[in-house]
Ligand SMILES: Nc1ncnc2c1ncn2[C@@H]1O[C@H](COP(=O)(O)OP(=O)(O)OP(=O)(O)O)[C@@H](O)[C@H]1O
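Below you will find one chain, with nothing else, as structure tokens; this is the form predicted on its own, and questions on how it binds or moves follow later.
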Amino acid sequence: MNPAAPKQADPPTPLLEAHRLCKNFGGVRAVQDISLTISAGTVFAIIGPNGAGKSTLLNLLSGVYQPDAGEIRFAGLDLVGLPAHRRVRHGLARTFQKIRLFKQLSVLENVLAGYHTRHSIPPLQYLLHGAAFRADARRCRAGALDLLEFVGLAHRAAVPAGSLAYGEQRLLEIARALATSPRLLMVDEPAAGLNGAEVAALLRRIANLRERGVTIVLVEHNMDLVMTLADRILVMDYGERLFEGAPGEVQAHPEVIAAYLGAEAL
């Protein structure tokens, strides 16, 4: 061995791996033979035309759907058969393309609902409301307020979630998902309904989450956001893998250009 040879960098640690995932709805093949590896501490984007199967793939990874075939492993744990609420306890969280807030509850109460996986008190305390219960409630409230500050909604903590503007509701969903303290956060169309300034702020927040060590899976139509943030991009079309690569490779790939712009653009 040459002692002067530079040390090879360690390969990225895979956090989530999927192998040959398939999901059919009747005669429709929504996801067909999709494999992917997502490294810890990265932003992995899934893009494609409408109907490409992006949200279905996210539903498979998060446990909303179970695959008809294939494997999913998270930090070595086999996820197939594990329901969504149990995946959350292992460090996976997500937001939805169609907003799913408790609209009659306050903004703060919505984020507090995300702490259901993180309570650290004996079960009897839920009945007695003793010192441990009160200390846990204070901890969760302080954490929820910090998350609202992070997404720019601290000043709206007391208002009903249903009174927020559409873009604000999307940010609230992100805060609620973060309340579960995820290792991997899946976000489905987070920029939908946001104006230019809000998209820029969202970009900074996702970049900040990556700096904190949170792995991000991003389904998004805003290509400026995707190309700025993503470390790797999976392109889907008609439920299948069209291409995977770095942002520059995706932008230059002829089949990707054809899928988005039509073959006549080539």
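All of these numbers come straight from a predicted model, not from anything done at the bench. Heads up: residue numbers just count along the shown sequence, starting at 1.
Below, we turn to the form predicted together with the named molecule, even though it does not appear here.
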Original post:
Taking heavy atoms and a 4.5 Å cut-off, does R210 contact the named molecule in the model of the complex?
Top reply: no
Subject >> 4.5 Å heavy atom contact, L225 to the named molecule in the model of the complex >> reply: no
**OP:** Could you confirm whether V28 comes within 4.5 Å of the named molecule in the model of the complex, counting heavy atoms only?
**Re:** yes
**OP:** Classify A52 as contacting or not contacting the named molecule in the model of the complex by the rule of any non-hydrogen atom within 4.5 angstroms, answering yes or no.
**Re:** yes
Subject >> Non-hydrogen atom within 4.5 angstroms of the named molecule in the model of the complex for each of H19, T37 and E71 >> reply: no
Original post:
Just one of Q32, T56, S62, T42 has a heavy atom within 4.5 Å of the named molecule in the model of the complex. Which one?
Top reply: T56
**OP:** Using heavy atoms only and a 4.5 Å cut-off, determine which of S163, T117, S106, Q97 is in contact with the named molecule in the model of the complex.
**Re:** Q97
**OP:** Among 43-51, 226-234, 210-218, 194-202, mark the stretch whose residues have heavy atoms within 4.5 Å of the named molecule in the model of the complex.
**Re:** 43-51
Subject >> Residues within stretch 176-195 having a non-hydrogen atom within 4.5 Å of the named molecule in the model of the complex >> reply: E189
